[in-house]
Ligand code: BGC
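Coming up is one lone chain in structure tokens, specifically the form predicted alone.
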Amino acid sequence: MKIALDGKIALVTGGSTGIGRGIAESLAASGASVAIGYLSDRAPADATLAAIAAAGGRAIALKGDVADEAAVRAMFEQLDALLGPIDILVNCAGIDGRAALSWEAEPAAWKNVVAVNLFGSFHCAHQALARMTARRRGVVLNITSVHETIAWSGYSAYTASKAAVSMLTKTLAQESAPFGVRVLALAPGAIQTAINQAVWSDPAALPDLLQKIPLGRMGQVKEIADLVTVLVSDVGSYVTGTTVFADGGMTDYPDFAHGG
């Protein structure tokens, strides 16, 4: 089976590093023209563009803060002008914030996590769906997390925002389905990236993490990226209004494998 996205225009927010970069590269490898959304540091975006070009793909970089409604609107206007009307939006930009128990957290920092993860996803979906519903086609895929379901002490803003994006996904899917547009989410588990290197490179911390994963290993960026590509393609044409978990079984509560 060949996943073909030829002629499709895609935007991947947070597309210059980590999982976002992997998604951008996978979409481009399947034929899509990809816009890579980045916040401020142009160098990783340029590195991603170079990798896509070297593989024969087409991509551009768009600077914009997803938490800023005006910046998102400007980013979509640039996308319209440079590549054309959007077919695929992947909301991957996100932050987890600084660990703090809820009663010790700084409210401004808490709100910033929600602004990026929840409001950022909404601002981008708001722009994309206006275009997609008018053309009666398109796909929005939101990257959430296993923590849309699993509580995580010290990260109440992150878990709350990811759970909220899950319900946002369902509602947007319900609204846009009559217009031929799909909206779904993908929830990664523990994926090996630079952002969590402190855990997977620590001989003491890694075993604790792995015992939470029935498959006994961390996931790889390519596994998430290629699954996203499948889901936004015609192969996933009957999937909408739900979250697909790619977590090695983490949400299967492996501690209960030996009884309750």
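Computed from a prediction, not measured in an experiment: that's the story for all the values here. Residue indices: 1-based, along the sequence shown.
The next section is about a form of this same protein that is not shown, the form predicted together with beta-D-glucopyranose.
Judged against beta-D-glucopyranose in the predicted complex with a 4.5 angstroms heavy atom cut-off, the residues 158, 195 and 250 are in contact without exception. Residue contact with beta-D-glucopyranose in the predicted complex: residue 105 places no heavy atom within 4.5 Å of it. Contact check for residue 182: no non-hydrogen atom falls within 4.5 Å of beta-D-glucopyranose in the predicted complex. Interface membership of residue 146, defined by any non-hydrogen atom within 4.5 Å of beta-D-glucopyranose in the predicted complex, is confirmed. Although the partner is absent here, residue 83 sits far enough away that none of its heavy atoms falls within 4.5 Å of beta-D-glucopyranose in the predicted complex.
Among the residues 116, 125, 163, 190, the one placing a heavy atom within 4.5 Å of beta-D-glucopyranose in the predicted complex is 190.
Residue heavy atoms within 4.5 Å of beta-D-glucopyranose in the predicted complex occur in exactly one stretch of 126-134, 84-92, 146-154, 169-177, and that stretch is 146-154.
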